[in-house]
Every structure is written in structure tokens, then in C-alpha cells.
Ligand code: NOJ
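Single chain ahead, written as C-alpha cells, the form predicted alone.
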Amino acid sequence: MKFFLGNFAKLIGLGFAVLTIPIQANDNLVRSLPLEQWLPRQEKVALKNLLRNISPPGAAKGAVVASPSQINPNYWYHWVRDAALVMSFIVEQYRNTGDPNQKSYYLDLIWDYIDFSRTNQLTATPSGGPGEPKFNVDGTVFMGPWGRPQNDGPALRALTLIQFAKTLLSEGKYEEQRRLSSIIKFDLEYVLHHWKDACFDLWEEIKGHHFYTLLVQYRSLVEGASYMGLVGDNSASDSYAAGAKNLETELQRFWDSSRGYLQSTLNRVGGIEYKNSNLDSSVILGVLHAASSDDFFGVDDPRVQATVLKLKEKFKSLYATNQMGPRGVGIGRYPEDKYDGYSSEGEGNPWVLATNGFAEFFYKLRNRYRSKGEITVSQLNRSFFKEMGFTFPLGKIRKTEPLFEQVLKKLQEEGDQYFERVKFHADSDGQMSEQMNRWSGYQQGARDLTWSYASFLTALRMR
């Protein structure tokens, strides 16, 4: 997404002292609300603002605009990745509601999205396939220069549509479900035959092979194999399962034992050159967006937990806002980030969706341990637990031990701290932008970012 300088950035460039700017003066009443009171209030606001960005006036039915902002920056586009993540939440809303009117409303949104997506699939694009990252809101192809292809989009869209198709099967709506199969297969075939291709990452900055992209591609093939088996397409099921096995091997290469974290990119062939750490919150977002009940790079994988700790420690010291207000850490994209930043050294800003993502991680980890009934402590995740105040011997902590519930309680508290950080910086009306300025704490970047609201709502659901 394109770089821009807002008015505040221009003031900084003219030499105004950044450190004298007060932390965001969010409405005192809202900021003082206990988290348990703020969360349901914010849930209503987030859902309203998210829904407002689906098929908004001026866009075709089924378009999910990244933001209503059309200038500085212009996010008035349908990003395939963002839309898939948002509509995954809508599918969950459809599945979970018992209100017939709400169910009908969500169903219409989903089918509009499916029709819009099918048009995207069949449109000739500059990238030559489903890896086209974004479309104009009327459904026509965006022809401007951009980071192409972005191959996480088809995988995420397939995951969302498989989720919906399985819901239709459970409801006995077989005719509607059959309508989806060819659309799902279109994306899965692309994933199967193009996962080895270099593409741009989810931040649209580096061309290479990315942990995030490969993990969601892996999960799409696993789920695709399961779905095709359910509908009797055994040949496709076998092909997708075999492809997933190949990706499983490839993903193991991203662990950097010398640095102690999962790298975000391998085999870079283009894009920005200043990202030297290869430490990136996209790794954790990939773990969340490719979530399943198996243990493959799940939230309880010690390598994932070690990466979470490295990111938390780095961003805690990097952003001035993290030294103010609540204990929760505002999480950025990666340490060298220069997008929408104000210094030649980069540093970027905390992102709302990344900070919400860390809240979701800790809630999901709590839930995972509770489901498994045990916690495994290894050399790789021992520091992760130590940072939370636990000094464990190597081995297992079982649910019959008092310590087990203490860890689960602490994980809940950790997740809540990230939500406290987001609450501290959110506007008094609950508006969530793209970022939180690293010096002042004010919201900045694209306003009412749809992904920001989706990340809050999915984290809240996990809580």
C-alpha cells in the first residue's frame, strides 16, 4: 500500500519536537472504561463499521472496500486478501446467529461476495491469474503499477468459501453448495500449481517466498482435500493432499535456529532491500489465518511462541507509545518498517490489526491448552513462559496440576493487555484506523480500516 505523508508528518518534517506532543487525548470517559465494559461497546461499533464497508454506496455488490478513504491514502479498492479475511468473519456470523433476519442478511452478503469474486477470477489481469492483489470497487481490473502477484489471496478466498460450503452441507443445501465447488477449485488449482512461484508478501513490499503465503496455501490445500473428499472428487482430494505434503516440507525451512525465530521471507528476488532482520508480525498472522485443530505451526508450536516473544521484545522498546499508558505492547509490521513513518531509519508505527492479532494469539493459545489438557515446555519456548513470570523445568504441565490454570489465567491477561493498548489509542467513537502513531499514539493511516475491525472481532470471538 502506497507511502504517504499526512499533515502531522509534515509538521514533524518542519522540525517540531515530536516528544512534546501529548499522547492521544481519547475521550476520558471511554478510556477510563474497564475493559469488560469497553469490549461489548466496541464490538457493536466494529461490526457496524465493518458492515458499512461491504457493498458500500458507489461500489458493486459484493465488493469489500479496504477503507472508505479515497485520498491520502486511497484504499478505495477490493483487496482479495483483506476481503477473504473479512468475509470469513461474516461466514462465522451467518453460521452462529439464530436470528432468521440476521441469517438472511449475512447470506445475501456472502452470495454477493461470491458473485463478485467469480467475476474477479474470470477477468483478465496484469498478473495473468488469480494472484491479482486488488480490483476497482466496480469489479473492473486495476491496471496501475503494483506488487504482482500476491498468491496468498486465492488461498485465503478458497479457505473462506470452503468454510461456507461446509456450512451449506451441514444445512442440507446441496444445490447451493454445488454452485461453489468450481469457484473453490479454481483457486485451489492455482495454489497447487503456483505455490513455488515467487510473489509479493502481504505487506506488498518484497518478492520472494513468504512464510505467511505458504502457510495459508498449505492450509487451503489441506482443507481443500478434506472438502473435495466430502463431495466425492477423490482425484482432486488426493492431488491437494499431496501438494500440502510438499508445502509442509518447504515451511520447515523458515525456522532460523541461530536467531531463534521464524523468518518471514526466503529467496528474495525483488522489492525493498532494507528489511534485514526478517522478523515480521506477518508470521503470527499467518499462524492465525491458517488456524486448524492440528499441531502444524499452531499457536502452541514452540517456534511460533519464540517468534512472538522476539516480536514483543523488539516492538516494546522501539515505539515511544509503548512506554506510556497500559502495559500492552503496540505491535508493528517489522522493525525496519518505513511505510508512513517519519524517520530515515524507518521504525514505522504500531498497527491496529497486528496488535489485535497478538491478543487473538494469546486467547487462542489459552483455548488450545485447555482443549489439549497439557502444556509442553521445551528449550525453544522456555523464555516465552519466563517473560510471563513462570520458570518451568522442561517437560509437561498437566491440567491436574494447579500451575496449569495459573498459566491459562496469565495467557488471558496477556491477551487483555493487547486489547488495553488498542482501547487506549482508539478514537472515542470507536473508530479504528490502520496505525497508531509511534510517538503521539494518535490514529493514522487509512481510516476505518476494514481489516482492523475484522481483527478486533475475530480476537474478541476467540476471547
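Just count from 1 along the sequence shown to find any residue number. Computed from a predicted structure; not experimentally measured.
The form predicted together with this ligand is left out here; the points below concern that form.
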Scan W79, Y240, Y363, Y261 and let me know which has any heavy atom within 4.5 Å of this ligand in the predicted complex. W79
From the list M432, A63, L50, A66, which entry has a heavy atom within 4.5 Å of this ligand in the predicted complex? A66
To test your reading of this chain, name the stretch in 306-314, 178-186, 153-161, 200-208 whose heavy atoms come within 4.5 Å of this ligand in the predicted complex. 200-208
Although this ligand is absent from this view, report whether W351 comes within 4.5 Å of it in the predicted complex, heavy atoms only. yes
Is there a heavy atom of W451 no more than 4.5 Å from a heavy atom of this ligand in the predicted complex? yes
Is R333 close to this ligand in the predicted complex, meaning a heavy atom pair under 4.5 Å apart or at it? yes
Answer for Y75 alone: is it within 4.5 Å of this ligand in the predicted complex, judged on heavy atom distances? yes
Within 4.5 Å of this ligand in the predicted complex: residues from 117-148 (heavy atom criterion): W146
